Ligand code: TNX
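One chain is shown next in structure tokens, namely the form predicted alone.
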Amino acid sequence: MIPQPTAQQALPDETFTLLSDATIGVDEQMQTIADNLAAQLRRSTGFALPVQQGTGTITLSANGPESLGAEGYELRADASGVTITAATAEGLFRGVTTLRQLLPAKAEAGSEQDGPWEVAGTTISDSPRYGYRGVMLDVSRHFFTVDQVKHFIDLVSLYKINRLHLHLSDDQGWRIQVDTWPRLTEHGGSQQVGGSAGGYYTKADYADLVQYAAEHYITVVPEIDTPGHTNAALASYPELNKGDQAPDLYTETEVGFSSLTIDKDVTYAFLDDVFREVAEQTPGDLLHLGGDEAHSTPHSEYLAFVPKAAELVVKYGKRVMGWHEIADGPLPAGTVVQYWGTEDPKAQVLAQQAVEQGATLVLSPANRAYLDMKYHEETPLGLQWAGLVSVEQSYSWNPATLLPNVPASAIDGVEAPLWTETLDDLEKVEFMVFPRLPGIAELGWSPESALDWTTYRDRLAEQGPRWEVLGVNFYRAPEIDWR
């Protein structure tokens, strides 16, 4: 299984077999979780699998002790049935995710398959190491439709990811509707890298994505990148530029050339409207203001800008999240700083400065966690500015000790960003995400004592048949003995 559970014990001679007369029992308020499990197993097994109140062949209960926490659960599979117990709906969902991995890979199929449907007898007690376990999808460089993002959510939720960071604005495209500034999407969202047609999410689209993510117990973290990475906005509204002259739309991939005008009142009126409308649509408590690679913003102006932008985020009831550069100045209470450095001493100092101010960290080291880095020199997709990132390198690091002089208590969790300069369709996304994302997910969920490359490699190999059934275009990394 991936992530490795906190504690698991085999029950010899206690194999559970799902038969055609099986039922799913559930607490009334957890009906949706049971219905979704039943729907998938009906497709693959052909069994009726009625869902009923109370106990069943598979019993799902959210009446567990509070000590299990928000995402913890207990699972028992033996010859008499399967029981999953949690204290919350979210914990129950995580337990169902584990059950899906315990079943044969063909249980994920979209059409009826031959059995048997067996689960080796086991007991599991499980809860996450970190509360933030994220993946980022850049929909600005290349746009991905609502259905494509939903498919992405389906896949990443299998590995207990609980945050989806959407990079919604950049030089190449603005992807979320803002009623008060309509040209952001009408003009700024019209293209993408390479010059082909872009796209954007209407408010109804975004609400659909937020709801779909929530059904998978994933919270959406929207990012509006500022003050750099803003050419799409600058091209849409001349008044946001120095001299009131709008640049052309940009469809290349170089970075660091654009900047909002820091000393104009209209800049902050613009951000006030944008942050307000995005915040109103986002149930989660974080709003990401970017802050990275602002090479065209004079540093003194950058230091003046970030507190003003952060104040606007807080004004609308959200906590600030930003890339580690924002830690060079004062941060509001509750800020989450996303570290994307490698072994760069300056980036490490900024991480320390963030923690000294009371901020917490989400770790996304580019030479470990960036899913768009090439696996090797011949990888046909991706970039390599942070180096080549094999499956082993992506997995073999410890979030608690990555940054010197940063206490483990300051780490909220991990996130695997996927930038899409070279990725213009979902198959290419899958190729770069799998098999590396499950390793980052395990670093975020499993206890430190369970993290071991040799045993992980064997467990990862077992995911291959599951991805084949799901139709995932995964990279068959040569260091894995794929089953």
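Position 1 is the first residue in the sequence shown; the rest follow in order. Please read these numbers as outputs of a predicted model, since none were measured by experiment.
The same protein also exists as the form predicted together with the named molecule; that form is not shown, yet it is the one meant from here on.
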### Task
Identify, from the list V255, L249, L381, A279, the residue with a heavy atom within 4.5 Å of the named molecule in the predicted bound form.
V255
### Message
If the cut-off is 4.5 angstroms on heavy atoms, which of these, E301, D272, E90, D292, is the one near the named molecule in the predicted bound form?
### Response
D292
### Query
Heavy atom to heavy atom, is R141 within 4.5 Å of the named molecule in the predicted bound form?
yes
### Query
Just to confirm, E421 within 4.5 Å of the named molecule in the predicted bound form by heavy atoms?
yes
### Message
With a cut-off of 4.5 Å between heavy atoms, is H229 one of the residues that contacts the named molecule in the predicted bound form?
### Response
yes
### Message
I'd like to know whether Y316 contacts the named molecule in the predicted bound form, with contact meaning heavy atoms within 4.5 angstroms.
### Response
no
### Task
Decide yes or no: are W323, W340 and D372 jointly within 4.5 Å of the named molecule in the predicted bound form, with each residue judged by its heavy atoms?
yes
### Interface segment, criterion being heavy atoms within 4.5 Å of the named molecule in the predicted bound form, picked from 347-355, 237-245, 71-79, 381-389
381-389
